[in-house]
Structure formats: structure tokens, C-alpha cells
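A single chain comes next, written as C-alpha cells; it is the form predicted on its own.
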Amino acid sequence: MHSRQIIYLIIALMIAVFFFTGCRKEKNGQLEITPEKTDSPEKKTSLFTIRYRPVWTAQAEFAGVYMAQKKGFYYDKGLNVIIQPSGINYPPYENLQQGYSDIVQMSLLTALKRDAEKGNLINLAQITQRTSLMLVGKKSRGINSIPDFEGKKIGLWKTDDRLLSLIFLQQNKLNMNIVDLDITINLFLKDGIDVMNVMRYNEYHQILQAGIDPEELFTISFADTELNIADNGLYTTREFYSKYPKQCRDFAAATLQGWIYAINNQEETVSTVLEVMHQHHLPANRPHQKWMLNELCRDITIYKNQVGILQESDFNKAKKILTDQNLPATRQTYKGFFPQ
């Protein structure tokens, strides 16, 4: 990374903080990363505990959290952050509303849609500033253009992350046979489906690693379309934020600090991510996690001087996409949804 980019990121962190003013072990399924530096036992007992739940299982998508924990950024702010189990059995929104988690990670579109239920979500920080979602199809299966999707089989995740793909199909008046997917790309590799949704930083690279050349694929990157919507953010409830505003802001600021560190120290960060994945007995390889981290760094630094800031234009755009499709959408204003 060039020195100018590093300067940009340092400035971005200072702005984000203004706005939001080791050994490892596993306990009860919760990830614990002990900071490299420790303080007195008295300080440790006085830490404020925050239960954070990622949107998916351990990987470089959450590198900023891992590094904030490892480097003591949470600890320095008086926080004891518990990284909770995640995956398809731990939907973030439900766990947040039921009181099992204090802060969770979700996509902006999901948050705006689900917030129509209670209207109590607060965006603490917008981590990624564009979508990484793509649709990929094999040219060998006759997928060479969008009209070729008609009547074919498409694999979509069972989670809320399928929402943007469904909107795309509706907008293009495409009738496809939807096949529910969990986490594997095997069905696509074995021609069980013709098209599937992928994240550019994750499944797309897995497909390439499996030996398929990019020239063999027809791809639609939503980041290059009118459906480009900021993706992952940190969310809590208005009730929790009202009771603990400083701790919420401190968590967001420390997480952003973790991401800045991850961006500027990628080899160390990938090693940490691999350690966390091995702790959870997850398959992992360095090239893939390195690819993931690099792609996420690009998504995070779209607005180099506003890292972590939810743009009002992105909020309005996402809300309009939902209402245009007659889907539920938050009734909150931008300032209510993203307090500064």
C-alpha cells in the first residue's frame, strides 16, 4: 500500500472517531481473543461487556473485529467484547431483538427492510461502502446474457442476503427456478444449477480456485449497476444505544481502528484470521483469505476520508429500492437511523 493511501486511512480513522466519539481460547462457543497487552486485574473487572455477533462464520470479512480485539483497541476503551457464534443458525436481526446480542453485523438493505417491523435499529458504523454481490453463470450452460437466465436454475442463499438477487430478477421480469443454497459452490461446479449468487470477495474466488477461468463465466456485479448498495454495517437497538451511547460509539470507533490496522498490516491480519478459523475447525487457506481481505479493503475505503460513515444518499437509495418493489422499509429518517 502506498504511503499516500496510508495517510488517507489515518485521516479517515480520525474522522470516524470524531463521529463516533496473544493467546486464544473458546468458551461456550464464543470466540475470545486475549489482547496482546494486558493491564491490571482491577481494570479487567471494570470492563463493559458487549456481545457482538457477526453475520457469518469466521473469515476475513470480520478481520477488523479480530484485530481490534487482538491489538487491545476494545480493551483500551474499557470494553470486553465477546465475539459470539455465527452462521445460518444465528440470524443477526432475531438475536439482536431477542436480547441475545448487543451489536450485530447486517447488510444495509436487510436492516432497512427488517426495521419496518419495530423501527428501532441504529446503524453505528457503515463498514463496507458498496455491495460485493454478484451473479455468475456458466457460458457452457448457455448463460451469455441476462435474457438467457429465463427458465434456468438459480441458486440463492437461504438468508436475507438473497434479497438483492430477488429484486434483480423482479426488475428484469425473469422467471427462474430457485434452488436454496447453504454455503457450498458444489452444486454450481457440478452443473446442478446454471446461475448462483456469490460474493466477489468469497464464493467468486472459490469458483476461480476450483479451476474455472473468468472467461468461462458470465457475471453481473451489482456494484456496477443501479443496485449498488452499501453492504455490511454495525447495528444495535435504539434501547441499547439510549442506555449505553458512549460504549456503542467506542465499539464502533475501535472496530474501525481495527480495520485500519488490518488494511495496513494485511499479512499479519491474514495469519490472525487463519488462527481464528482453525480454532473453529473451519477449512481455510491463505490465498483465499488474502483475496477476501484485499477485496474488503477496497469496499471499505471507497470514501477515503469518511470510513465508517453511512452516506445519506446510500440510505435513501436503498430505501427507495425497497419501496419501489413494494417491500417493507424502515420509516425512520436518515438522522434517526444513523445518529452522529
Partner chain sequence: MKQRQEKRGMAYQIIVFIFISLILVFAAFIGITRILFSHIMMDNAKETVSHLANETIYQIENRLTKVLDISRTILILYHNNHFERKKLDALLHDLVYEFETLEAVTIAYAPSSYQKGYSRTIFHSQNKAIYRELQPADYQYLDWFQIPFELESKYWTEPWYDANATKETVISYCIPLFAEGKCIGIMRLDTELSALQKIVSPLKLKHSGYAFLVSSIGTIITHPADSLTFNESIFSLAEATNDKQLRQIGKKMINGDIDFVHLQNNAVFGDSWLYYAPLITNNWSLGIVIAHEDIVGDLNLLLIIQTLFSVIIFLTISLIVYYRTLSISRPIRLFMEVANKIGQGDFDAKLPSTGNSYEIDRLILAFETMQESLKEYIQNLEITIEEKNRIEAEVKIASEIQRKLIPENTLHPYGIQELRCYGILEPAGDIGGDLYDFFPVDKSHFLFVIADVTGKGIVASMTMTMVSTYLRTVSTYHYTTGEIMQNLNNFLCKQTSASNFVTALLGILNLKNGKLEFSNAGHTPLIIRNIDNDYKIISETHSSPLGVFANMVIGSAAITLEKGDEIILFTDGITETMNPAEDFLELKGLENIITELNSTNPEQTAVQILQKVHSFAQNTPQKDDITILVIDYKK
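This one's a predicted model, so the numbers in the text were calculated from it and none came from an experiment. Positions refer to the first chain, counted from 1.
From this point on, the text means the form predicted together with its partner chain, which you will not see here.
Visitor: Counting only non-hydrogen atoms, which stretch in 111-119, 183-191, 264-272, 243-251 is within 4.5 Å of its partner chain in the predicted bound form?
Guide: Checking each option against the 4.5 Å cut-off leaves 183-191.
Visitor: So, Ile302 and its partner chain: in the predicted bound form, are they within 4.5 Å at any heavy atom pair?
Guide: Flag for Ile302 set to no.
Visitor: Is Ser140 part of the interface with its partner chain in the predicted bound form - any heavy atom within 4.5 Å?
Guide: Taking the distances in the predicted bound form, the answer for Ser140 is no, it never comes within 4.5 Å of its partner chain.
Visitor: So in the predicted bound form, does any heavy atom of Glu216 sit within 4.5 Å of its partner chain?
Guide: So Glu216 counts as contacting its partner chain.
Visitor: Test of understanding: in the predicted bound form, would Pro147 fall inside 4.5 Å of its partner chain by heavy atoms?
Guide: Pro147 lies outside the contact set for its partner chain.
Visitor: Just one of Lys152, Lys77, His205, Arg130 has a heavy atom within 4.5 angstroms of its partner chain in the predicted bound form, so which one?
Guide: Flagged contact: His205.
Visitor: Just to be sure I understand the contacts: of Asn294, Asn285, Gln311, Gln279, which is the one whose heavy atoms reach within 4.5 angstroms of its partner chain in the predicted bound form?
Guide: Partner contact (heavy atom, 4.5 Å) among the options: Asn285.
Visitor: Heavy atom within 4.5 Å of its partner chain in the predicted bound form: which residues of 206-220 qualify?
Guide: Heavy-atom contacts within 4.5 Å come from Leu208, Gln209, Ala210, Gly211, Ile212, Asp213, Glu216.
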